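Here we start with a single chain on its own, the form predicted on its own, put down as structure tokens.
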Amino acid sequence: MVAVPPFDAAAFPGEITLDHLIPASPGEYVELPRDLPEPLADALRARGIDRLFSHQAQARAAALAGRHLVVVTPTASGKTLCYNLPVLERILARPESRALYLFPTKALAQDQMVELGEMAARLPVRLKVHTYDGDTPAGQRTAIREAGHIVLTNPDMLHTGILPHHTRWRKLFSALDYVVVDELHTYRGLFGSQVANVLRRLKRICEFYGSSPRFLCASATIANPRQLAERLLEEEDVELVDRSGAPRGERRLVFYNPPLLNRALGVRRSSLLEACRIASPWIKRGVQTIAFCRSRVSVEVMLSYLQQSLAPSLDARRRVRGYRGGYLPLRRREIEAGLRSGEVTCVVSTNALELGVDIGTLQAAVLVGYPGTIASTWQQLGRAGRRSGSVAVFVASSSPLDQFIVRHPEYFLASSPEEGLIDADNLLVQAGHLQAALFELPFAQAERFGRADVGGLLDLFAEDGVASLSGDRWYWNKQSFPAEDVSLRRMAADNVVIVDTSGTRPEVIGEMDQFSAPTMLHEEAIYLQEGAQYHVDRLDWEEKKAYVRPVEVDYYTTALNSFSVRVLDRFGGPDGEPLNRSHGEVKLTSLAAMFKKIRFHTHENIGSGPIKLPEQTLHTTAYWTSLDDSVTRSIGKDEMEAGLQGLAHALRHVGSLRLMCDPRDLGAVAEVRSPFTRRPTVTVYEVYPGGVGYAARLYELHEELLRAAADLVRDCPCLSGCPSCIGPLHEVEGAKEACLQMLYANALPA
């Protein structure tokens, strides 16, 4: 076993909060099964596989017994063979059999294409394996539809490119025995809710063509893999395989918090610069290294830093490469091949290389900022050491999630508390896919969509003139192609896309939900992302595009926003605690009327202007907590307002951590006196109309969230509050203490 690369923690001025060695462990093996077809056994032996890991054998047995399956084992534990074996066995026994593989990224599909191609070359049947995505040449598509034994694609292509054209794919659907859903943990929240409806449509079309495929899923470690699989697939009794039999090399995990530059504001040395200092010595020694950054811009900045610093000693432009969305397919394949061959020593990537792509003998990984979930963090850390000992360093930024994780490594090392949540029956999500399903096949009058009764929606479509009932069947009336109007990553209401116009070509650098955009992307706003400042030159509200350019100014902008929360229906609560809990359906109304320019440090008002945008409303689900008068009686007015804002800030961030969602999936409002509760109240709401299940789970996790929020605020090393712990109103005297007093109202352990 190759030794772990050296890392001298003493050479860095920040704080090492975790230096953890995971010892090597032996594998648990099973001899190749006697009933394994001999050609397949020979193909495995030719690749050096003369026995299976125990979890591979268990997964194969479950799949061959006709069970739906989810395999949850660590990175680089051979999950691919768990589904490839039963699929290949079925094709050997029945050559007309077909399989459909779903991967969340093109890179992963390409990697699995190589893996299957190597196996297929050693089998006696002419196995046809093809990827079918946006990069597939038009000339190959007909051949794939007619003759592909295994088609590798992604949910987006299945949604818009395959299901609406199912008549061209009848050979696939009529003989479809297996559907593989890899990286199951990525199908959560809004995206997972959308994909669950895509799978409803897939199963409906399979039934039409007379097939009933088994679903074989693979996932990173999360708290509820079986429950997530059952909700996504709408199948009962999915078999769970979660005990890994794969050997593991020695791994060293280091959590590094860069030194504070401004203790009062919680500002730390740049995580990008610190990550470059960590990675450079490994690259000089020839240790194959991967660095993960949170954004495309960060990838290019770090790549530039590394190439400049290493250029005198090696061919840095050839040995150190970037990898992100926006690169042409041939360039991405070239970089992947360079990693496998060893020609590329370091790759700086977004999460495009996070998932199970086999990219050579990487021994070192650097994470620049927290990826957002523990599952993603393990995936990125696990890119190194697939075949050897490894070292991985997480470099924290000043963001609240980064600081919580770096200061509480025990939260990370314990069994994953993260849950994948979906709500396939969200009406807006369901309505879009029901229209797509109606376009694909007529609906019988009493037919359900998955488990959902959609009679009311079909009646509504008829009122709108897009559907009609003829005899006992519903038909789609329009010539339009409804799937094209449904994005798997957003609701019907469009997000506002943020476009950087400073380069030779405009580049999309982010997006924001429509409800929040008026307060943060109005014209003349200073938009902050990844520590960089952007001036909003124009907000095209009709097209939902904000045009920005980088600037360096000594002020920030804040919108004066009137915000109201109206509870429409309470589903649970309140209880009798001083800091009680409730959840239900709410209507949020927001009107941004003007903005102020506030100078950094002095906080003086140096200008203002009007915001001319319409009032925004959002019907969604929310979790809220209200404070008893006994808690706030001793807190001054200014401190209470700032403390409530801090409570909202902390709950929103620790809530997103627990639910495996982006903080931007949740919003938070603090009201000194709520018209509904008549008490100081913090409302954490889902930014998606109708919600996708987050609010109900936050309600159940109330006490746990209060503890985690208290940990975040209490353990922050700032003197009296900072953006990393209590948010924008951190400079109000007594705000941090007021926030903690509120958090401990329920007598939580200190």
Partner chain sequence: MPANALRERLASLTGGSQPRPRHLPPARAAPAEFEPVDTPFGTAWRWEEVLPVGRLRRARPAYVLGDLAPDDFCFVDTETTGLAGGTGTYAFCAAIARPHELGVQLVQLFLHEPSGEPAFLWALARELERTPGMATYNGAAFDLPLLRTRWLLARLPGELPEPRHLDLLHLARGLLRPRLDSCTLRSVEERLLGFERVDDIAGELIPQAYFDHLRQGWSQHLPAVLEHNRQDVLSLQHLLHRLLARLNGEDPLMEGLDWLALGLHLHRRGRRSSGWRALRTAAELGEPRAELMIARRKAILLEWRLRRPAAALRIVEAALDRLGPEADLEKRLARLRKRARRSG
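No experiment lies behind these values; they were computed from the predicted model shown. Residue numbers count along the first chain shown, from 1.
Here the subject shifts to the form predicted in complex with the partner chain, a form of this protein not shown in this document.
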One stretch from 643-651, 424-432, 302-310, 401-409 that, in the model of the complex, holds residues within 4.5 Å of the partner chain by heavy atom: 424-432
Looking at R489, H619, R331, R263, which has any heavy atom no more than 4.5 Å from the partner chain in the model of the complex? H619
Would you kindly say which of E440, E577, E336, E89 lies with a heavy atom within 4.5 Å of the partner chain in the model of the complex? E440
So in the model of the complex, does any heavy atom of P259 sit within 4.5 Å of the partner chain? no
In the model of the complex, is there a heavy atom of the partner chain that lies within 4.5 Å of any heavy atom of E236, even though the partner is absent here? no
Can you tell me whether H165 touches the partner chain? I mean in the model of the complex, with a 4.5 angstroms heavy atom cut-off. yes
Would R170 count as touching the partner chain in the model of the complex under a 4.5 Å heavy atom rule? yes
Given a 4.5 Å distance limit between heavy atoms, list every residue of 444-463 close to the partner chain in the model of the complex, or none if there are none. G455, G456, L457, D459, L460, A462, E463
